[in-house]
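Single chain ahead, by itself, as structure tokens, in the form predicted on its own.
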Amino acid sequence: MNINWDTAGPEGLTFFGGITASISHELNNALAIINENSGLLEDFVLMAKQGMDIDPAKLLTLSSRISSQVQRTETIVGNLNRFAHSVNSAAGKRVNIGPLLKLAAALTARIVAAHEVTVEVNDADQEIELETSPFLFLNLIGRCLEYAAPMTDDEKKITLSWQQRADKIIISLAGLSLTESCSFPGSEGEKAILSALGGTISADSENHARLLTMPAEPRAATKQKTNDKTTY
């Protein structure tokens, strides 16, 4: 894999910064909800000390809200941890595409939600393995989702799916209105990352999708799902 880090590096840092900033906003939102409900619990405690009867159902509701936000925070932090570890291997890491696509969708969920868009990742019957740079792969998919968000049709949903055809791996972003122009890749950094991963972008008018086509590396293989795969 030939990576021009002078060009791809700044783009990668910009993407990393944008994602971590988005995640920090998500964490702050979850903490704000936890703090609000914690304050209500304290109010109930004070009311109880004053001899007022407290409905146990209200306490259970507050406890449930706090618990759900704790779980939400754990998920966000887990995604951030996986994203941070994606830079451990600059290139040549053998990974399963499915978990990386799901991680990219999770990392950019808040960004695409600004367009009232959601992302659905289709599970495949088989997992496709690819030797690639996990961080650059996440960067590429994340950027594709960001560019695709304003292009969705009336359903406001992007469906991510993937398949292998001979020596090519095809990742589809479906649910798009192809009458909208797509300027991806736009920057030199985006072009450098697309080139480093050997990818091309094309339109699939029949399925209302944009296709990201990448070469299946010599070590890439399609295997039945097992529990011993490297995931992110």
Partner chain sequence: MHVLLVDDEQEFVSTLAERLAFRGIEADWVTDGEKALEKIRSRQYDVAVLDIKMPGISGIKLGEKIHELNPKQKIIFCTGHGSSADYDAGAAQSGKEYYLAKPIKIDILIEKMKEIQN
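Numbering follows the first chain given and starts at 1. As the structure is a computational prediction, the values presented were derived from the model and not from experiment.
The same protein also exists as the form predicted in complex with the partner chain; that form is not shown, yet it is the one meant from here on.
The three marked residues, Thr73, Lys102 and Thr108, fail to reach the partner chain in the model of the complex, with no heavy atom of any inside 4.5 Å.
Using a 4.5 angstroms limit between non-hydrogen atoms, Ala84 is distant from the partner chain in the model of the complex. Interface membership of Ser177, defined by any non-hydrogen atom within 4.5 Å of the partner chain in the model of the complex, is ruled out.
Taking the partner from elsewhere, Asn28 is found to have a heavy atom lying within 4.5 Å of the partner chain in the model of the complex. The partner chain is not drawn, but in the model of the complex it has no heavy atom within 4.5 Å of Asp204. Of the residues in 35 to 50, those that come within 4.5 Å of the partner chain in the model of the complex through at least one heavy atom are, in sequence order, Asn35, Glu36, Asn37, Gly39, Leu40, Asp43, Phe44, Met47.
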